[in-house]
Ligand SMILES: Cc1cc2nc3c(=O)[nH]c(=O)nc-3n(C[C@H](O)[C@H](O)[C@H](O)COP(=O)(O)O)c2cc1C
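Have a look below at one chain only, the form predicted on its own, in C-alpha cells format.
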Amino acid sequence: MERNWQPFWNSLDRLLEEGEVIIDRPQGSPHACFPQVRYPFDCGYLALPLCESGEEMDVWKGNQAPPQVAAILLAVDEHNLALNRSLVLGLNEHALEAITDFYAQIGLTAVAIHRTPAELRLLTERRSVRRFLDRPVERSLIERVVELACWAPSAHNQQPWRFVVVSNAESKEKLAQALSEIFRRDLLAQGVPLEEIQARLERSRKRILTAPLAVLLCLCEEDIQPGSTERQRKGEHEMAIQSVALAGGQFLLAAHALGLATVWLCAPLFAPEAAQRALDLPSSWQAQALILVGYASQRPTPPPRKSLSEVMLYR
C-alpha cells in the first residue's frame, strides 16, 4: 500500500514556522575548505528554539514561492562516514541539480528526496531542447511516444491528429527548404535586413537537419465533423485544432517520460501547403507544428513562470 507522506512534509513546514533560517553562506561565497568551489545558492541552517541536541539542519534557500520545504538533500561523506541533511526551500529541479553538483565538487555524494511525486515532477522537468546528441532514436521508441500521444482526448473522439515522422536526410532537407522559402518571404515583407534573414534561415535549417527526428504534427480535415452553419463549421474546426494540440502536448510529455528531448516549432503553421508538398502528404493533412526529437546534449535552464495571481482568478 502506498504511504501518505504529506504529514511528514507538513511537520517540516511547522519546523520552519517555529524556527529561523540563518543564511551564513550566501550565494557565490567560497566553501571554507574548498575555496575554488562556490555556493550556487544561499545556504545556512535552521535555528530552532528548545533544540537540545545541538545539531543544526542545513538549509538551501531560493526566492521562489511558496516558502515550504521542496525537498530534502542527503549528502554522504564516505571518507568520514558522515551524513549531511539539508532542507531545500524555494528552489526548483534545475537548482537541485546544481546543488548536488556542488556536493560532488567537495567530495560528497548527494541525493534528493522530493516533496512532489515523480509523476507530477514530469510536468515541471520537461524542457524545450534545441541541441541533440548525434544518436538515432529507436523506431520502437518513437512509435511508443506516438501511441501514448494518441490517448489524448479529442472532440467527439474524432482523433484528428496525424504524425509524420521525418528521419532521413533527404526528407528533412526538403522540408527545411520548403519552410525556409516561406520564412524568407515573410521576413522580407517585414523589412528584416538581408544579413539577419540569412542568419535566421540558416539557424532554422540547421536545427531541423541536425535533429535525429522531425515529427510533423498534422490535422486531418476529413475527421472534422460537418456543420450546418458557418458558426458550427468554425467551431468544429477549432475543436479539431484543440484536439491536435492536446495530442501534441501529450507527445512532448510522453517523449520526456521515455528519456527523449523535444522542442515544438510553429513554422509549419505559417506554411502548411509547403510542408504538405515537401513530404508528399495527403491533401487533407494540414500541418500544425513541427516537433524535433532526440537525446538532449544539454539541459536548458527553465524560463521563469508567471505567478498564480497573474494566471488564476476566483469568482
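Heads up: residue numbers just count along the shown sequence, starting at 1. Fair warning: this is a prediction, and the values are worked out from it, not measured in the lab.
Just so it is clear, the following notes concern the form predicted together with the ligand, a form of the same protein that is not shown.
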The single option of A278, V263, V59, A254 touching the ligand in the predicted bound form, heavy atom within 4.5 Å: V263
One residue of S128, T210, Q177, S167 in contact with the ligand, assessed in the predicted bound form (non-hydrogen atom, 4.5 angstroms): S128
Contact label in the predicted bound form: R14 to the ligand, heavy atom within 4.5 Å: no
Proximity of K306 to the ligand in the predicted bound form, heavy atoms at 4.5 Å: no
In the predicted bound form, segment of 196-204, 69-77, 99-107, 119-127 with a heavy atom within 4.5 Å of the ligand: 119-127
